[in-house]
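Encoded as structure tokens, the following chain is the form predicted alone, with no partner shown.
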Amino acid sequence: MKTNVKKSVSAIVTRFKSLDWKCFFSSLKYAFHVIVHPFDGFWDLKHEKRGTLAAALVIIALTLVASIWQMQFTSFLFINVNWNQVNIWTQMAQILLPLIIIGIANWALTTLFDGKGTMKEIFMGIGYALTPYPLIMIPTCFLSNVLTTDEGALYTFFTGLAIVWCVFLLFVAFMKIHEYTVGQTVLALFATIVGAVVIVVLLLLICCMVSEAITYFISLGRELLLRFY
């Protein structure tokens, strides 16, 4: 048992050391180019292999951190959080699950619309498109603590800027990754939203059916126990 654990740890360490850190940091730095030159940036992300999935996942992780920091460090003048009712994992899931569902729905539906993007490229595009959120929101959280109520419009502006910028980048990402026109991208995004809603409804139905099945078998087991014992 101990030998197997040592071998597993050794394999993880070897894998960690073998990573091309220079390529990783270069692809992470490339996100700064993407957010200011999105049309060229996302095209090169797909065709010139300038980005990596690892960098995209790091950006998504930073986005999750920024959402938690926004709740933790934003002044109570702008956000009033009752931490007794907050579950950090639920908060993170509220951001991560929609991204996963949107990515899957976009991949599934764009295959019907002659989309050129793969699942990997779609999630890379989503990750890089989220870059402005942590870059803007983390400093804004601390800035809010020196703002007064009358200066709250500044906080609202930066929050809105982060969201609008990310949405615009996401639009360009899908357009360049799938090699669509603007009109095709609009239709694809509309279909993606509809598909995401369908996926959510199906997941809820499956959860309800599984819950009812579990409840039924538990009740059946109790009935058998009471009858025979």
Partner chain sequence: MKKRLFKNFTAVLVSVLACLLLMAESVSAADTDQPYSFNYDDFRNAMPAPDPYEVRYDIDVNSILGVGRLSGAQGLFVQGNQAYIVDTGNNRILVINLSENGYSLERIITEAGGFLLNAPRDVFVTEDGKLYIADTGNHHVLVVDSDLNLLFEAVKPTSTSFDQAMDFKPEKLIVTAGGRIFVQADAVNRGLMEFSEEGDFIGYMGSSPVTFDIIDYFWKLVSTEAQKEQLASFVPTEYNNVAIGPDGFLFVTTDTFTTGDLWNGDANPVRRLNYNGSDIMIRTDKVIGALNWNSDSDCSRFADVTVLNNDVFYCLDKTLCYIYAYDGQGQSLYVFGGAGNRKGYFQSPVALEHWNNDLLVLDEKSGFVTVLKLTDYGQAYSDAVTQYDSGHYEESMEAWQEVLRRNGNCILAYDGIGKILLRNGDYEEALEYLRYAKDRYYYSKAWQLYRKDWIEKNLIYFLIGLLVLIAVILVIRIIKKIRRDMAAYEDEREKIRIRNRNQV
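The term rigid core refers to the maximal set of C-alpha atoms that superpose within 1.5 Å between the two forms. Numbering follows the first chain given and starts at 1. Bear in mind that the values here come from a model prediction, so they are computed numbers and not experimental data.
There is another form of the same protein, the form predicted in complex with its partner chain; it is not shown, and what comes next is about it.
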item	value
Heavy atom within 4.5 Å of its partner chain in the predicted bound form - residue from I104, I95, I88, L77	L77
Answer option from M119, V81, I138, L99, heavy atom within 4.5 Å of its partner chain in the predicted bound form	V81
Partner proximity in the predicted bound form: V146 to its partner chain, non-hydrogen atom cutoff 4.5 Å	yes
Partner proximity in the predicted bound form: R222 to its partner chain, non-hydrogen atom cutoff 4.5 Å	yes
Partner proximity in the predicted bound form: I214 to its partner chain, non-hydrogen atom cutoff 4.5 Å	yes
Exercise: M209 in contact with its partner chain in the predicted bound form, heavy atom 4.5 Å	no
Partner-proximal stretch of 155-163, 111-119, 69-77, 125-133 relative to its partner chain in the predicted bound form, 4.5 angstroms, heavy atom	69-77
Rigid core fit then I218 CA moved by 2 Å or more between the shown form and the other one	yes
